[in-house]
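Below you will find one chain, with nothing else, as structure tokens; this is the form predicted alone, and questions on how it binds or moves follow later.
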Amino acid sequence: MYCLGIESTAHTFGCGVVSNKPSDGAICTVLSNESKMYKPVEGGIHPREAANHHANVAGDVVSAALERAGISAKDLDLVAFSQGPGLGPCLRTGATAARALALSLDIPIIGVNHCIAHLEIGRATTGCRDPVMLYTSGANTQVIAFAEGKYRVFGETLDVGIGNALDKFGRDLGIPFPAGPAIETMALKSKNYIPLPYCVKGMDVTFSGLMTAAFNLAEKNGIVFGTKPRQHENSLLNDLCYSLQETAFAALVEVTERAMAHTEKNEVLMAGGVARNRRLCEMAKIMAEARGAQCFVPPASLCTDNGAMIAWTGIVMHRSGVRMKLKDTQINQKFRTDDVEVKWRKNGNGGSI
């Protein structure tokens, strides 16, 4: 089976082609994984501008994915797309492209929960079977695990996703979008921890107070003057980036460990764009090893938003008997992870049908 997956929840329009033979079971072969990212000139993501970007690049990205996969559109057996959660205009662009392909090729179409797709591509490519997933992206920050027939959210952010929090801090200091990689680089230059607000509420986390405190310290010490950032090497800025990462990541790892203890699972899976941060992965691995557990990190191209994860999840859903008509493919901006009945999981110990 060849499935083409379209990802368009936020700043990235991605298209991937994945193959799977009936005899292969859960073996996932990623044939292509192409993408183009919308980068705002200033400020954060504007949904309509991002959607216009996606509409402009969709044809080229789909063509590139098919070409790299070495197949034609007529070889496709299934089309999958991100149905949510995400930005409405962006989701609609991807859904429209997927419907057009499915109708023109007369093949099935399946809408995929974006968060679950991160987990399924991680399970398929890392060898983990039944993990607790620490999902850290721009808008989404969740701790997810399979329990009683569904993927349940055992903890999440109460305000802003960790990726958006880092981008907001970077934007206030004049760091170009996406700011996460630059903050990581500056953090590596320091080991001087500055106390910042640490906020864990039960199984949930918050980041707004942490970001505000870090920015106020930057402004107080002249890194930011009024609303104008000063672009220069500054040891205090390195200290703030280091402290911000250590504080936020410690909170994330804490709630992840608590979920592992509650569910009695011995695997943790990293997912989302912030999972590419080496320090976050290091902290998660230290925690896992202390518990006698394992930590799994997918390849970088499969951590960020991508079409291959949508294609693979479309395959496992289709093979489990999930079918959709066009009327079922409306987008859902607030598509909850635990709204999905996970028919393809045989049991809580892993495996896909």
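Given the structure is predicted, the values throughout are model-derived calculations rather than measurements. Residue positions are given as counts along the sequence shown, with the first one as 1.
Only in words, not in the display: the form predicted together with adenosine-5'-triphosphate, which the text now covers.
Peer 1: Would Asn140 show up as a contact with adenosine-5'-triphosphate in the predicted complex if we use heavy atoms at 4.5 Å?
Peer 2: Contact check for Asn140: yes, within 4.5 Å of adenosine-5'-triphosphate in the predicted complex.
Peer 1: Verify the contact flag for Glu184: yes if a non-hydrogen atom of it lies within 4.5 Å of a non-hydrogen atom of adenosine-5'-triphosphate in the predicted complex, no if not.
Peer 2: Glu184: yes, in contact with adenosine-5'-triphosphate in the predicted complex.
Peer 1: Considering non-hydrogen atoms and a 4.5 Å limit, does adenosine-5'-triphosphate approach Arg123 in the predicted complex?
Peer 2: Outside the cut-off, so no.
Peer 1: Does any heavy atom of Thr304 come within 4.5 Å of a heavy atom of adenosine-5'-triphosphate in the predicted complex?
Peer 2: Because a heavy atom of Thr304 falls inside 4.5 Å of adenosine-5'-triphosphate in the predicted complex, the answer is yes.
Peer 1: Looking at heavy atoms inside 4.5 Å, which stretch does adenosine-5'-triphosphate contact in the predicted complex, given the options 273-281, 253-261, 198-206, 236-244?
Peer 2: Result for this chain: 273-281.
Peer 1: Which residue among Gly84, Gly170, Gly163, Gly155 has a heavy atom within 4.5 angstroms of adenosine-5'-triphosphate in the predicted complex?
Peer 2: It is Gly163.
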